[in-house]
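Starting off, we have a lone chain in the form predicted on its own, written out as structure tokens.
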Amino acid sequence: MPDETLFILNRPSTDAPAHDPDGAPFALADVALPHLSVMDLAATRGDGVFETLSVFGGCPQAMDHHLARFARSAAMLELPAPDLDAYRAAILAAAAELDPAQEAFVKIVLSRGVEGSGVPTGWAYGELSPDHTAARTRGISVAVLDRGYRCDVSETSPWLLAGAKTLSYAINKASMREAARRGADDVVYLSSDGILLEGPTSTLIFKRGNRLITPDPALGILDGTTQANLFRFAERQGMTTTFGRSPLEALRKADAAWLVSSVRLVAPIRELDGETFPVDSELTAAMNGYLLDLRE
């Protein structure tokens, strides 16, 4: 089986024309060949949205949640609404091409297409995942960075697209480079008025006693798919779960904390701004085990 695979959607949105009126909904493509026009707004402007789904045992995880978030991001950018049935089928086709015995992921993309064409571009790309064992077990060091926006930015300035998962990742990448300069592996964003947000590619969860806490998506951050699964797990274990607006001091006083995401899963924070941070190894292992066993 291949290590990677690519399916190009013929009509990513039923609100827009197909690339080929007589073509199939999507087609397997050679990953080694070029497929995207240099004039596509995905390349020239980052004008598009994406989602990345983990695949365990050949089964894409949290597909309904990812597709709903995909559609919501597209609406925020005023893109043509994605054809979720076509994307669902393409995700399943991509997952089926990859080795079911290994961890993998499928990334789906919708761009506005070539400027002025009115025809969006869409694809589903699948690949075997890198080995994240060290991050899941040893943990990660994290730097806290000011995101530069108030926590109410989604209400005061919706044109900044806070909470949309867009292709414009230059700031996220710059944040990770800054973390590396500080000797850290990852980032937790803080609003300019001191409220905890998220990571560049992850959701923050922290623990106080028997409670798991995560920042409220109303703060202009992503509605975490992995976080949602972990909250279901925690509630089954008798823990309580909370969405909230928490200052940095609440994280510093936490019993444990994690950055969670679809592909890396649960990475415990072992160092925060250069200071040793407590790790709950037993709960971390249980969380990762739960996610790896999910088939939904």
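For every residue, the number given is its place in the sequence shown, counted from 1. Worth saying up front: this structure is predicted, and the values here are computed from it rather than measured.
Omitted here: the form predicted together with pyridoxal-5'-phosphate (PLP). The next part is about that form.
Interface residue among Thr201, Thr121, Ser154, Ser191 relative to pyridoxal-5'-phosphate (PLP) in the predicted complex, by the heavy atom within 4.5 Å criterion: Thr201. For the residues Leu222, Ala74, Val109, Ile195, the 4.5 Å heavy atom test against pyridoxal-5'-phosphate (PLP) in the predicted complex is passed only by Leu222.
Heavy atoms within 4.5 Å of pyridoxal-5'-phosphate (PLP) in the predicted complex map, among the stretches 260-268, 40-48, 22-30, 242-250, onto 260-268 alone. Contact annotation for the candidate site: His132, Arg136 and Thr284 all lie away from pyridoxal-5'-phosphate (PLP) in the predicted complex (no heavy atom within 4.5 Å). Using a 4.5 Å cutoff between non-hydrogen atoms, Tyr149 does not count as a contact of pyridoxal-5'-phosphate (PLP) in the predicted complex.
Although the partner is absent from this view, Thr214 stays clear of pyridoxal-5'-phosphate (PLP) in the predicted complex, with no non-hydrogen atom inside 4.5 angstroms.
Looking at Thr226, you'd find a heavy atom of it within 4.5 angstroms of pyridoxal-5'-phosphate (PLP) in the predicted complex.
Of the residues in 59-96, those that come within 4.5 Å of pyridoxal-5'-phosphate (PLP) in the predicted complex through at least one heavy atom are, in sequence order, His66, Arg69.
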